[in-house]
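Starting off, we have a lone chain in the form predicted on its own, written out as structure tokens.
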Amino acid sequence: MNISELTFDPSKCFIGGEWVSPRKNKTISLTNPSNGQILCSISRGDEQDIDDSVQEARKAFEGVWGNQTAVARGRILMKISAQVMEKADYLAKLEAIDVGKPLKQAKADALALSRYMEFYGGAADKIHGETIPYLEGYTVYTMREAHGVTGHIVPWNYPMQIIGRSVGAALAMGNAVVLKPAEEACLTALAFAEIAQSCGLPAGALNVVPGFGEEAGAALSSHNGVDHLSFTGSVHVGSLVQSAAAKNVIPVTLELGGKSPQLVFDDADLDRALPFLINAGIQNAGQTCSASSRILIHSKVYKEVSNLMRQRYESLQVGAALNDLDVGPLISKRQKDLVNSFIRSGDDLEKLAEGQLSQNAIQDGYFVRPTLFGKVPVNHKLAQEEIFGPVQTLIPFKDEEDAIEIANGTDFGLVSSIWTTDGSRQMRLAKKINTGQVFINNYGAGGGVELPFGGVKKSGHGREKGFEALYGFSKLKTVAAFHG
């Protein structure tokens, strides 16, 4: 794809319905992770551009957008959904060259963005309050209202998906949005703004300001004109965002890291399990908060499962995003170096297998071979820390109690999966494993736009996706009327 095909200027911000240069006219070079070459220049927004955006969002919320009916909001989101679907191939190519993920994965993200807009468009007029029986002479009811201006800090690994689940829900509830995409990958965020405007979203209802986290992101987190913040990213930055927001006493939704386990028991259907065990760890080159980097295997089937996974790993092909292989590059040289340092930390462990670089993998691309380690000690760095790369660890366990202890034995609690045909065991473990989502004989449930998503412990708090996101992007008001 030629960057000249873009129908917007990536060096500009989208503020108040207009494409404008950042106040200080600074830019950031955007790199194609498949070859290490410069793609284009994007805007380097800062606190002034964020302030402009917040003011424009406030105008929209107090004006045209805030006075739209729920039905009207929903219809605009449905139009956006249709346009995203129509432009899915274009958006997928943008995401592939920007993030580095294989084209088929990028296409799935574009379709997911369309589905989020469809879901939230249909749900916009279906968030109801309730009446509460109370004292004689009173009628008491509740209603849900928009927060006002919501800030969204979106990471580089899944821009379209996370825009869909957070911005879509916020707009459906009538909030006006300021979006700060990651400086490493923001092209689809800007393309989404262009699509939304073409579908009739009023000026100021959506504003997009690319820039560095320590400049634009910090300004958005601390701005006293923002009424709610949504952040997806690292634990370290998430704690900074929450601290900044706390000074303005506003709610924050945090979706942070993960060290998600899959538990494989001796009665598991291995033919069904194998693709999930591997794909959940290598998708998007392992750069996924919910990536399954720990595979816990019952000792009775450890040898069989490890051999099956080893054989599949040895056949994995790594290459440029547009070549659409099993695994693409990491987002940056910094991330490549970080993941390689994790792999080196396992030099004293059993390295079961590595994937293969394809012949056309460009030397300057940020490629890392998917790596599988066997019999990793539960307290090892590889079994405790989030790697954010295509690295998986196999850990044997003795029985249910041992499996539960290992599964819960990290600082994280985002996603888990249980592979067993024993129905009683499924229910016992679903209760005892401490994660925000538990999948039984599957992993991820096909994306599940409708399924509430979020973590516990250092994986964050609050929920996105499904109706729970709509509740999070609204505030509850109780009205008690005395009429005698």
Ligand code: NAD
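Only a predicted model underlies this, so the values are computations on that prediction, with no experimental measurement involved. Note that residue numbering begins at 1 and tracks the sequence as displayed.
One more form of this protein exists, namely the form predicted in complex with ligand NAD; it is left out here, but the text below deals with it.
A.B. asks: Should the three residues Lys101, Ala280 and Arg294 be counted as contacting ligand NAD in the predicted complex, with contact defined as a heavy atom within 4.5 Å for each?
C.D. replies: No, the candidate spot makes no contact with ligand NAD.
A.B. asks: Ok, Tyr366, Phe192, Phe388, Phe119: which has a heavy atom sitting within 4.5 Å of ligand NAD in the predicted complex?
C.D. replies: After the contact test, the surviving option is Phe388.
A.B. asks: State the residue from Gly148, Pro202, Pro155, Gly374 whose non-hydrogen atoms include one within 4.5 Å of ligand NAD in the predicted complex.
C.D. replies: Of the listed residues, the single hit is Pro155.
A.B. asks: Tell me which stretch of 239 to 247, 139 to 147, 348 to 356, 87 to 95 has a heavy atom within 4.5 angstroms of ligand NAD in the predicted complex.
C.D. replies: Stretch 239 to 247 is the one.
A.B. asks: Taking ligand NAD as it sits in the predicted complex, is Ser198 near enough to touch it, meaning that at least one heavy atom pair lies within 4.5 angstroms?
C.D. replies: Heavy-atom contact with ligand NAD at 4.5 Å: absent for Ser198.
A.B. asks: Just to confirm, Glu183 within 4.5 Å of ligand NAD in the predicted complex by heavy atoms?
C.D. replies: Yes.
A.B. asks: Does at least one non-hydrogen atom of His228 fall within 4.5 angstroms of ligand NAD in the predicted complex?
C.D. replies: No.
A.B. asks: Contact with ligand NAD in the predicted complex for Phe453, defined as at least one heavy atom pair within 4.5 Å: yes or no?
C.D. replies: Phe453: yes, in contact with ligand NAD in the predicted complex.
A.B. asks: Where, within 264 to 290, is there a heavy atom within 4.5 Å of ligand NAD in the predicted complex? Residue list please.
C.D. replies: The stretch 264 to 290, when checked against ligand NAD in the predicted complex, contributes only Cys289 at the 4.5 Å heavy-atom cut-off.
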